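Shown below, as structure tokens, is a lone chain in the form predicted alone; questions about how it binds or moves come after it.
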Amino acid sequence: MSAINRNAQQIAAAVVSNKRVGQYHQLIVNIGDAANHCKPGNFVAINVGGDTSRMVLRRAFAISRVSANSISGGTMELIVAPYGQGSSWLCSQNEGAMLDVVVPLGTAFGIPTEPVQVLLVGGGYGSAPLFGLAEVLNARGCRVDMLLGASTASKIYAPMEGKRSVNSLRIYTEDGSMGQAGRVTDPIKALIDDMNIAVIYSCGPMAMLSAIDSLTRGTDVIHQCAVEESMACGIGICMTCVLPTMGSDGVISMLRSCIDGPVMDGETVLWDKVGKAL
């Protein structure tokens, strides 16, 4: 296993709770001491479907946050949308169910060494990891502002929790059913100019991440994004989650989202070539 995953463990993890939150499920899973090694941006790979399932590949899920509990031990929170067979199976698991998980995996968000102005941008339930990140940034003394966006109100995850986690929160929906009408990327250029933003952290659809890069490329703003590429193995073997990136030497490389990501420097990703043959 790669050095980036040196703290990863395969664990039989119990579901502590499973609650419906709007269109999504909030699962709390007991992972014991492994929680001490989880950082914002890491993900977990879960064996789904049960012993008789034909779904042989694990499913990767972003870790929303981790916490320590004197009763249940270290836990991780997952926000899951029951869209496919694997995620629907996971959302059907009741309290006490045992999950076969490998955690923590992947790269984490880089945290500033001193207090700076940061902006968090989340799309749909992809915004969930940003709440745990906000807690870490607040502890570092950063001013944290957040933008949440989705196509409609029901796809905005936990807006009240977001408001409690940051200095200011703005919500954008494409149909205008919550917050302001428009795309979550609409105000970013003005915020960069007005608020002296040093770092943008983003989680959400690839099109959103690409749009943010177009606004930050060539500026002094650092854009750290958690890419949403499908991962089959989650540990860097299968090469199904590669993304085209440009190194400082001008050489194009295909990097694995599960090992070199999911958190990447947005400026290094060749967004116009994602999904295309090079």
Ligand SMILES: Cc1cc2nc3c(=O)[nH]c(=O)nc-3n(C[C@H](O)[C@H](O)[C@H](O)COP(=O)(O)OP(=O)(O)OC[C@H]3O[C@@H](n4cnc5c(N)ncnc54)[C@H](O)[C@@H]3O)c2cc1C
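We number the residues from 1 along the sequence you see. What you see is a predicted model; the values in this text were computed from it and never measured.
From this point on, the text means the form predicted in complex with this ligand, which you will not see here.
Interface residue among 187, 159, 86, 74 relative to this ligand in the predicted complex, by the heavy atom within 4.5 Å criterion: 86.
Checked against this ligand in the predicted complex, the candidates 34, 66, 243, 60 yield a single residue with a heavy atom inside 4.5 Å, and that residue is 60.
For the marked spot (109, 146 and 199), a heavy atom within 4.5 Å of this ligand in the predicted complex is absent from each of the three residues. Interface membership of residue 227, defined by any non-hydrogen atom within 4.5 Å of this ligand in the predicted complex, is confirmed. Using a 4.5 Å cutoff between non-hydrogen atoms, residue 38 does not count as a contact of this ligand in the predicted complex. Interface membership of residue 209, defined by any non-hydrogen atom within 4.5 Å of this ligand in the predicted complex, is ruled out. Taking the partner from elsewhere, residue 231 is found to have a heavy atom lying within 4.5 Å of this ligand in the predicted complex. The stretch from 111 to 119, 168 to 176, 146 to 154, 86 to 94 that comes within 4.5 Å of this ligand in the predicted complex, counting heavy atoms only, is 86 to 94.
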